[in-house]
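To begin, one chain is listed below as structure tokens, in the form predicted on its own.
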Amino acid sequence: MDRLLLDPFTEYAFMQRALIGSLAVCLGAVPTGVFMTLRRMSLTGDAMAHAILPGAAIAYLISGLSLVGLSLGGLAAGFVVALLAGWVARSTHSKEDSSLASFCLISLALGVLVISLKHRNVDLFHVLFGNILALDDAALWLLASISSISMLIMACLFRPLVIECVDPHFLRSTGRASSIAHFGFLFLMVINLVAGFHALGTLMAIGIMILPAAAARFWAKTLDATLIVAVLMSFGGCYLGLLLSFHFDLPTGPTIVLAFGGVYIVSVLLGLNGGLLEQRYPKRHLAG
């Protein structure tokens, strides 16, 4: 049993780095994903994952698969799209979801167009789907840094983010807190999507944020419990996905996301907080 479950991570350095990198991403991305689900921004996050593509693509043309170049390009593109969408939503009658979707679609098309100029399918696959097994020490330091920054900002914004989820109108009436929470949360989304981009690629990055968060809500009733359960589920999904990809020679990024998907489906069926089985066979309460 140890040979199946532990040997890949004790004998191969690339598996160790992949596990450490994926767990580092989880610490920053999953709490952000929990608030995304609470704020009904799951599809917004998916759109934002595409928004970083043109910046990464332009950096790729300039510097190739440079860690720093791809990170700075992705951050710049994500921030530009987030700021433009937020400005349009707050300055016109356009809703935030429609303005964000519009800018993200433009970014996605631009990114694919830029990448296609180099005509190298292998590098295109790397940008779109990531290569977590190729993480080096520099990439691990980057992922750990982004995760640390994300957790620090989350701690600072935690209270206004909770208030915004419960009563956004009250938060807006308090002054600048609403804008700080809004744009601060968009900042969290962008930096964690860039971290996920290095591990899983632009198309898979959103999976590590949303699926554990969505699954945890079927097991926990309070926000604190949801955050803990979501992070633990993400750890388990990363471990299981890496293990399956190693033993069955599967592409690692999609396998990790499918592991998250399996956790989500099991939670939908068996979850103790609104799962299908719990709703069909509710616990009987003692009658007084």
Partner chain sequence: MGYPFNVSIHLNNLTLTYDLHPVVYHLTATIAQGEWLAIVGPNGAGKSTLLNAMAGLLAINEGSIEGLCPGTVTYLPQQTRLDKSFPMTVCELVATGLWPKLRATKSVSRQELERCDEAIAAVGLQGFERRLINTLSGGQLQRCLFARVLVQDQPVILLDEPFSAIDAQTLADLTQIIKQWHQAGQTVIMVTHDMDYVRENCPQTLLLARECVGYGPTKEVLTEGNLRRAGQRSAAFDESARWCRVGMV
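Positions refer to the first chain, counted from 1. As the structure is a prediction and not an experimental result, all values here were calculated from the model.
Just so it is clear, the following notes concern the form predicted together with its partner chain, a form of the same protein that is not shown.
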{"query": "Contact at 2, 10 and 241 by its partner chain in the model of the complex, all three, heavy atom at most 4.5 Å", "finding": "no"}
{"query": "Of 138, 151, 106, 162, the one that lies within 4.5 Å of its partner chain in the model of the complex (heavy atoms)", "finding": "162"}
{"query": "Stretch from 184-192, 80-88, 166-174, 142-150 whose residues place a heavy atom within 4.5 Å of its partner chain in the model of the complex", "finding": "166-174"}
{"query": "Residue contact check: residue 247 to its partner chain in the model of the complex, 4.5 Å heavy atom", "finding": "no"}
{"query": "Touches its partner chain in the model of the complex: residue 223 (any heavy atom, 4.5 Å)", "finding": "yes"}
{"query": "Proximity of residue 113 to its partner chain in the model of the complex, heavy atoms at 4.5 Å", "finding": "no"}
{"query": "Exercise: residue 156 in contact with its partner chain in the model of the complex, heavy atom 4.5 Å", "finding": "yes"}
